[in-house]
Every structure is written in C-alpha cells, then in structure tokens.
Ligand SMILES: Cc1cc2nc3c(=O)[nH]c(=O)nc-3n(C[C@H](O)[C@H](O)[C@H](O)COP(=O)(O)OP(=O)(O)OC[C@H]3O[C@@H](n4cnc5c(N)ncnc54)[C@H](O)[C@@H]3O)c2cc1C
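What follows is one chain in structure tokens, specifically the form predicted on its own.
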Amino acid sequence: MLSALGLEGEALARGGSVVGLEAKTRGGRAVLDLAYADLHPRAHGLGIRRGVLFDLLHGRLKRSPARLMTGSEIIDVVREHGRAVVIDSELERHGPFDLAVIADGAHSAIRRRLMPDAPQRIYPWGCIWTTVKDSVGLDTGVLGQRVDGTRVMMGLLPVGNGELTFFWSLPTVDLAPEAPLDLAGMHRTAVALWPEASRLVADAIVVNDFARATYRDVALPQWNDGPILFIGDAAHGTSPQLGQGANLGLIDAWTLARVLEASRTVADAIGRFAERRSATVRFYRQASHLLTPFFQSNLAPLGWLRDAFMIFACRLPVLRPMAATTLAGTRSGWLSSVPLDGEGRYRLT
C-alpha cells in the first residue's frame, strides 16, 4: 500500500523491519513462532510508530488535489435528498456531498449515533504503550511477547531508528485517565517475566510517557447508511491481537478509491466495495475475537490451553501457512488468502 502511494522508501527508512513473531511463557516455553519468510524470502512486516505513519500519509494527502479543512469537530452526518450533509460542533453544515466517508476510529461517535444497535462493545482488556531506545540490543527484527497466564502480557515491537515500542496489557478499568498506573508492580513483574527486557521497562517507567489504549469489537450489519460509508476501525474495530488495524484501514481506502474510479454511481461503488472487503474483514474480526481471550482475559484455563497447544498451529504443515498469512494480513477469508507478488508484497487489485 505504501509502495503504491510512493511512500515505501521513506517508510522503510523511518520504520523497522519485522521478520516474524514470537511469544513465550514465563518459563520460556514457545507459544507462537511465525516468520514472514515462510510466505516469500523477501517478505517482512513494517514496525512503525503511529505518528510517523500519520506524517507520511498526511504529507501524501497535501500533495493531492484534496482540500483539507481543520479546526472542525464533526458531530453528525445526516441524509438529505440522497446526499450527505456534515455538521460540526458549531452547528455549521458542510455539503451536501455525494459520499461521506467516516473514518474516525473504533470509538466512532458517528457510528454509535447512526447504527446504535450494531455490536460495538468495549473489550474488557486494553494496554499501555510507549517507545524507548533499545539500550540493551533486544531488536532482533522479531515482534516479541512474553505471557504469564491470560492476565499478564508484554511485548516489544521494533520500530526503527534504534527504538522499540513497549506494550503492557491491562484491564480496561485500570486504563481510565484518572486511574493511577502501578508502574513499580509492572517493573517487578517484568523482571520475573522477561529479565533481559527489565532495563528497557525501567527506562520507560522513568520517562513515564505511556499512552492508554482501549479497543472495541465492532460488527456493523452493513458498511453504509445510504451515502454515508464507514471504513477502517470505525467499520470493523478489533482488539490489536492480530495487529491488522492499520493494514485493514489502508486497504479499505485503496479499494474504495479503485471502485469509485470504476463505477458509474456512488451506490454501485459502495456495493462493489462491500463485495470486495467483507470476507477479509469478517475473517480478521472473527479471528481476533476468538483469539484475544487466550491472551487477555480472566479465564485462566484458556491460558493453559494456549500454552499446551497453540505452538502446534505454528509447526503443523497444514496450519502454519494459515497462521503465517494471518500474521501477514493477506487472508481473504477462512479458506483463502491473497498471493504475494514477486517482490513479496501484498498483491493490490
């Protein structure tokens, strides 16, 4: 996707190459062990800070013919005579437009107003995260995780420039803005769980610049309400367990642009968009929903099952390719995936 936008070189320079994923228990037992090279020798993931990705995309937007308006908080979108009118917090009306694309994230207020009956529950677990310098040389190009049951999970993601993003799982009730973080307790647990990373955790605690993140499981009955179309996390928010939020959102946008170019009417374009995106999105939403409790929940037996059997999904010849394509974001459904091109990239169509 970034290559198609002319951003690949800068993204690779400002992000970190990720060759695979590993997860281990407190005792060092492997739970997950996946590699992108199983799909193609040149395939790899890109670990990149959210602010850097935004900066790249924002810079590309400014080079496009689009007119960007800032300083307006959109609080509603209404339908008038088959078109969309956008209303901001000053009650100023914008439009009408042939199409309004709603991409305001998993906690979308517009979605909750227009589709209040759609399942969009908050996950009972979220995380805190921050980015730190890799002062101890833990960047091996692997997204590493350590788990202890289903209530403790920490991870390190390479994001380039000698930095790692550190994340720590917490119940949502502990992530309220006013809730104090037990950073001393977190450090004690981290020392026991992943001793090699304890210095990085200590560095993160000293800076104390943690972001708090909560997530929603969003399942809309349809992508649109007339000329109002939801994409990205606003349409299909999940937990971050499979790490596909940015990928799914980018491909949503790419697909929407292509179908708009190829369709005679907006309604036709929305129909084509839904046809092309629904199976992939359904798979990742369902797979994330099923997998998350094995890593973040109060159900201890799920942790025992995970530790005993999940590694076999990474090693059995039948299951490993499915696990690898899920990691790579190339699944197009439970029984199919999109092939990579000759350079080991997702094949955009």
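This one's a predicted model, so the numbers in the text were calculated from it and none came from an experiment. One rule holds for the numbers: they count along the sequence shown, beginning at 1.
One more form of this protein exists, namely the form predicted together with the named molecule; it is left out here, but the text below deals with it.
Contact annotation for residue 215: at least one heavy atom lies within 4.5 Å of the named molecule in the predicted complex. Within this chain, residue 225 is remote from the site of the named molecule in the predicted complex, having no heavy atom within 4.5 Å.
Using a 4.5 angstroms threshold between heavy atoms, residue 72 counts as touching the named molecule in the predicted complex.
Contact check for residue 105: a heavy atom falls within 4.5 Å of the named molecule in the predicted complex.
Think of it this way: in the predicted complex, the named molecule has a heavy atom of just one of 123, 273, 194, 129 within 4.5 Å, and the residue is 129.
This chain is drawn without the named molecule; in the predicted complex, the residue among 282, 289, 50, 40 with a heavy atom within 4.5 Å of it is 50. You can rule out all but one of 174 to 182, 113 to 121, 260 to 268, 207 to 215: in the predicted complex, only 207 to 215 has residues with a heavy atom within 4.5 Å of the named molecule. Although the named molecule is not shown here, in the predicted complex the stretch 241 to 280 places heavy atoms of 243, 244, 245, 246, 247 within 4.5 Å of it, in sequence order.
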